[in-house]
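Form predicted alone, single chain, as structure tokens, below.
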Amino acid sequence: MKGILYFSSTGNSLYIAKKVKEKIGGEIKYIPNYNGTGREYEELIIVTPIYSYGMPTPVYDLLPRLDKKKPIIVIQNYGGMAARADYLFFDYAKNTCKLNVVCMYKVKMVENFTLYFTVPKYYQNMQLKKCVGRVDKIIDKLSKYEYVLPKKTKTRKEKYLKNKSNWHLIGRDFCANSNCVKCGKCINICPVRNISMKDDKITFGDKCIACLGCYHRCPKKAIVFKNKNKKFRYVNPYIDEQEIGKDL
């Protein structure tokens, strides 16, 4: 059986993971909850967003412990710029972690890192329509064993590592405004348990990984960044939002 390991905060990676399972087969596991090495699977498929020209912290932390003999396929998705993040991933996985990466694809989805800007609705809808065909095309290639790997190139490794080391600082700029009904959803969905209830108030710690799951998925849009009450929130409409962060 294939192991489909994914990280997703707003559903883009989960959408891809579910399409992989539907067309190729496998078992879906949410990376922050997965403690294995992949040894129980014949092959691993890692589905991950691109963060700051690299990868989310849970994915970065996962790779060193994976079985070095298992064939690994990687599907990255991004909303803005990929910026050679595929080779950065490959170099870290293959040359640092000594993993058996046999194929890598990347696919453009809808941007969700929108703390500083808003994605126009027409552009969001356009990308949503296009991503269906893009994902299907990649999965079709995988089903035919059309494997490709990124060519060696310069990456933005230093920029990525610097950004990654500062992600925890973002947490201090989040707060819950008066719309908060204290439902606890943000606490439950945070992949690193950075959110808690203290003195009857939602509180953010210093372990944020900038996934923005709490920001986008708060049912009351009560979580705001730098006290800006932006209305735009995004969750991939092709999946059940309640399944994000679950094994399937």
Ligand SMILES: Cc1cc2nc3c(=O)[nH]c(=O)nc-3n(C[C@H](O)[C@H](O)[C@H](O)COP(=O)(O)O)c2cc1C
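The first residue of the shown sequence is 1; numbering continues from there. Keep in mind that this is a model prediction, so the values were computed, not measured.
The protein also exists as the form predicted in complex with the named molecule; that form is not presented, and the subsequent description refers to it.
Student: My question is simply whether Tyr30 lines the interface with the named molecule in the model of the complex - judged by any non-hydrogen atom within 4.5 Å.
Tutor: No.
Student: Does Met81 reach the named molecule in the model of the complex, with heavy atoms at most 4.5 Å apart?
Tutor: Yes, Met81 sits close enough to the named molecule in the model of the complex that at least one of its heavy atoms falls within 4.5 Å.
Student: With heavy atoms only and a cut-off of 4.5 Å, decide whether Tyr147 touches the named molecule in the model of the complex.
Tutor: Close contact is absent here: in the model of the complex, Tyr147 is far from the named molecule, nothing within 4.5 Å, heavy atoms only.
Student: Would Met109 show up as a contact with the named molecule in the model of the complex if we use heavy atoms at 4.5 Å?
Tutor: Yes, contact at 4.5 Å.
Student: Please name which of the stretches 64-72, 209-217, 30-38, 186-194 has residues with heavy atoms lying within 4.5 Å of the named molecule in the model of the complex.
Tutor: Going through the listed ranges, the match is 209-217.
Student: Since exactly one of Tyr105, Phe174, Phe113, Tyr92 fits, which has a heavy atom within 4.5 Å of the named molecule in the model of the complex?
Tutor: By the 4.5 Å heavy-atom cutoff, the listed residue in contact is Phe113.
Student: Of the residues Ile202, Ile45, Ile50, Ala222, which one places a heavy atom within 4.5 Å of the named molecule in the model of the complex?
Tutor: Selected residue: Ile50.
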